[in-house]
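In the form predicted on its own, a lone chain appears below as structure tokens.
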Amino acid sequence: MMSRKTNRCATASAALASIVLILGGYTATHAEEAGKPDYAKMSPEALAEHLILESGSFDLDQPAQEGGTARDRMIQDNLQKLCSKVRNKPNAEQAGQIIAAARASIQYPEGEIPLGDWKKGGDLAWGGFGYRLAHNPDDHSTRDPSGNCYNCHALSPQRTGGDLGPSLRGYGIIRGNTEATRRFVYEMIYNPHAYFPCTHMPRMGAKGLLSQEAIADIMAYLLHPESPVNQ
């Protein structure tokens, strides 16, 4: 026999379930009548796209430093679409296509790949200036964009860096300042998909985020024997 306490709990649970169903149905119906999407029926991808691009939650009309608007930044290019579709795990054929396209995008300086000024490179590697928007956007007429490398990499032992990417401390000591090393580092900064398809690392050169001079300076920060990276 069911006790009074158990009976009361069962009754309360049934009542709560009914309220949830009623409210849920009301919410969905109300949203549809108001011409708004029913979030409960949307896939996670569709919901994310709606909230970012269509809900008005973000100011996507503000101009971006590279041209276009903030909305243009949110539209994926073909590489990003592919990598998102495969969860950054392309198959062998897809990886080969990505690598080939990345290599074709790389523009090299004339002659040998040079090293720049490691002191300037340190400022660029540790700086976050460049393409921020919001209420105080970065102004490229006042200074050059930085590489923001420290967000993902440990660099000089004098400061703390990120750990999303591999540590680069002592990189010049380990790899040496050879033409082959310079070429690899240049290509990695310019378009890292040439080596790691669907990597999280930005395409600094291919997307015009860093100039060849800036890349040369950051390379010097990594490879020059006097750089703090190699102390």
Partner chain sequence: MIRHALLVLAVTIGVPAHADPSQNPVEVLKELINSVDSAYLTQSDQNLMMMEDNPALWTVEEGKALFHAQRGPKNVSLETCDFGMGPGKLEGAYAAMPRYFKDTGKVMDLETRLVHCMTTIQGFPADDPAVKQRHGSDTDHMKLQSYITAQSNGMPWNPLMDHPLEKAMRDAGEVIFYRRAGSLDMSCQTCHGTTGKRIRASVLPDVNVPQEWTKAISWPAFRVGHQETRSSQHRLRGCYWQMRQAGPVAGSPATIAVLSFWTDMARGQPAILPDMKR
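Throughout, rigid core stands for the largest set of C-alpha atoms superposing within 1.5 Å between the two forms. In this text, all values refer to a predicted model and were calculated from it rather than measured experimentally. Residue numbers count along the first chain shown, from 1.
One more form of this protein should be noted, the form predicted in complex with the partner chain, which is absent from this view; the next part is about it.
The partner chain in the model of the complex comes within 4.5 Å of a heavy atom belonging to Gly161.
In the model of the complex, the partner chain stays beyond 4.5 Å of every heavy atom belonging to Leu155. In the model of the complex, the partner chain sits within 4.5 Å of a heavy atom belonging to Ser57. Of the heavy atoms in Ala40, some are within 4.5 Å of the partner chain in the model of the complex. Contact with the partner chain in the model of the complex holds for none of Asn91, Gly170 and Ile215, as no heavy atom of theirs lies within 4.5 Å. In the model of the complex, His193, Cys198, Thr199, His200, Pro202, Arg203, Met204, Lys207, Leu209 are the residues of 188 to 222 with at least one heavy atom within 4.5 Å of the partner chain, listed from first to last.
Cys198: CA moves less than 2 Å between this form and the one not shown after rigid-core fitting.
When two forms of a protein are overlaid on their rigid core, residues whose CA moves 2 Å or more are considered shifted, and His135 is one of them between this form and the one not shown.
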